[in-house]
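Only one chain comes next, encoded as structure tokens, the form predicted alone.
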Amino acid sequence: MNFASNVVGAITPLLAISSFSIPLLSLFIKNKKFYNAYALTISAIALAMSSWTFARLIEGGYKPIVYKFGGWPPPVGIVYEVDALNGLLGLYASLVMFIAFLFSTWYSKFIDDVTWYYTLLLGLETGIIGCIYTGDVFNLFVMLEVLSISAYGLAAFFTRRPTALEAAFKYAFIGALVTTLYFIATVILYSAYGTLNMADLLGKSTLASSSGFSGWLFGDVTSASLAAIAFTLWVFTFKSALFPNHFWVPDVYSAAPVPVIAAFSGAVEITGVYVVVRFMYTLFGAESVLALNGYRDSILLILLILGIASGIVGSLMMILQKNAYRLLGYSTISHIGLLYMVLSLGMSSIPSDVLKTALTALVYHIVNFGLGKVLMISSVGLVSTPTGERDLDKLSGLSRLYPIASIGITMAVFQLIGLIPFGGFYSKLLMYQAFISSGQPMLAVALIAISAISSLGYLKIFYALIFPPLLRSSVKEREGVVIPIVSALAVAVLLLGLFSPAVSKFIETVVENSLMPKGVKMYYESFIEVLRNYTGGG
């Protein structure tokens, strides 16, 4: 297990050092192909390390892997604690980022200078993996800053485009505000609980008295927890693009480089969802001080309402868009709404078996949505990038030049709408079952309505790129590495549906060993075991 924990601890330093090395290397090496190979190799190593880590988790019965930075034990030092949930999502995020880097090797011919591009993209992956793997709420702030600064730079990468600068300014200005709020949340948590370790907070939030012992906010753990969770949820609903904090997505998607859009949609927003899940189901779960006072149910109800609003607003706005990537941005907002709808079923009145179904649907749909969206963005990017156009009218029929893009768009539409036999259908079916079993048929109706409305938006992009005749002659670019990317993703989204019983059963096991009481207990006990081993206790 020591070697496994060392691998966990090495991933983010490897990515960070590799990112910071590129500006130095650029002083001596000017070859674009070198940076393509360099960045892709580093991302491949990170993918291999996250895959190996998750394999070790499975072999160890999903017992969390804890890495102590600098050898300092928790809660004194910073630790990474990888359980079944963040082990799987870390693997998923590494895969999405590897695809983004692989696509970038083709996309780089349309970029003049790739050195800063890859510096920022590796920085983005550093922040994503750090946020997912960390077991410390302050280190989460540090990794969030790494993620955010990289994201702002990538959003503004095409500095000659006024739309890119405007989008990046909106994103960065509000993003800086919300990350400051999260820093305040960490201060409040430390003042009330005397710790920043997530597992330690789990133990103290569960065992703490709900009465104040020295005053408001910093002394009363209930008030402190409420304030901290309010700030935290504001931050990470912004990062995950939940309504009404969704406004930055369409602008950023319409102006950023195509591989960056894929990384944002498939990994950045999902990181925000993950952190909300970690706070609501691990740190402040069903037996926490917030649950005992009924506040947790109220928080989940608010998230449920915002999820419904996000799903409806996103799907309706898809229909009105003429820019292909703005349309896909609203598609992300709609699916994020669905994730929050099912995420919010963890109320005290919900039976544990229904909650397990809901959380299985959540994780399953994260993977289905993410891979389907990356497939769509890669396929549309192949068509749009050579022309420099993003308007659907100006891209009319261009996918006829790229049969692989037509196949990819078709498969992605089926996946994202949720048609049989694709994976998207089965994760939505699990959501439907969870809503019905929880006694919330109106949520099932909302799921169907959101999916039906969003299908009109998907059909709009499907029809515009595939069916009309070419409006003008266009020189076809060589697809290169895009062919295996689109082909592999198209096969993946189909297999996620064809093998749905096995996939859903596997994800259910992941949920059981991370977010359900058994998994939460394992998360806390792994922290205690590391502490006892350090102190020599029995």
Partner chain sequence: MLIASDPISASILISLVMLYLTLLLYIVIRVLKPKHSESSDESREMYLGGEHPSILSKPHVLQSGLYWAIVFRDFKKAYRGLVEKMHTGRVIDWAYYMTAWLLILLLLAIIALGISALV
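Here the structure is a predicted model, which means the values were calculated and not measured. Residue numbers count along the first chain shown, from 1.
Keep in mind that the form predicted in complex with its partner chain is not shown, yet the notes after this line are about it.
In the predicted bound form, segment of 110-118, 368-376, 126-134, 165-173 with a heavy atom within 4.5 Å of its partner chain: Result of the contact check: 165-173.
Distance check, H335 to its partner chain in the predicted bound form, heavy atom within 4.5 Å: Contact with its partner chain, no.
Close approach of A44 to its partner chain in the predicted bound form, 4.5 Å, heavy atom: Contact check for A44: no, nothing within 4.5 Å of its partner chain in the predicted bound form.
Contact label in the predicted bound form: F279 to its partner chain, heavy atom within 4.5 Å: F279 lies outside the contact set for its partner chain.
Any non-hydrogen atom of M317 within 4.5 angstroms of its partner chain in the predicted bound form: Flag for M317 set to yes.
Contact test, all of E81, S94 and I305, partner its partner chain in the predicted bound form, heavy atom 4.5 Å: The answer is no: none of the three residues contacts the partner (heavy atom, 4.5 Å cut-off).
Position in contact with its partner chain when the complex is considered in the predicted bound form, options I404, L88, A286, A464, heavy atoms within 4.5 Å: Of I404, L88, A286, A464, the residue with a heavy atom within 4.5 Å of its partner chain in the predicted bound form is A464.
Heavy atom within 4.5 Å of its partner chain in the predicted bound form - the one residue of P469, G60, G70, P484 that qualifies: The residue from P469, G60, G70, P484 that makes the contact is P469.
Those residues of 417-431 which, in the predicted bound form, come within 4.5 Å of its partner chain by heavy atom: In sequence order, I420, P421, F425, Y426, L429 come within 4.5 Å of the partner.
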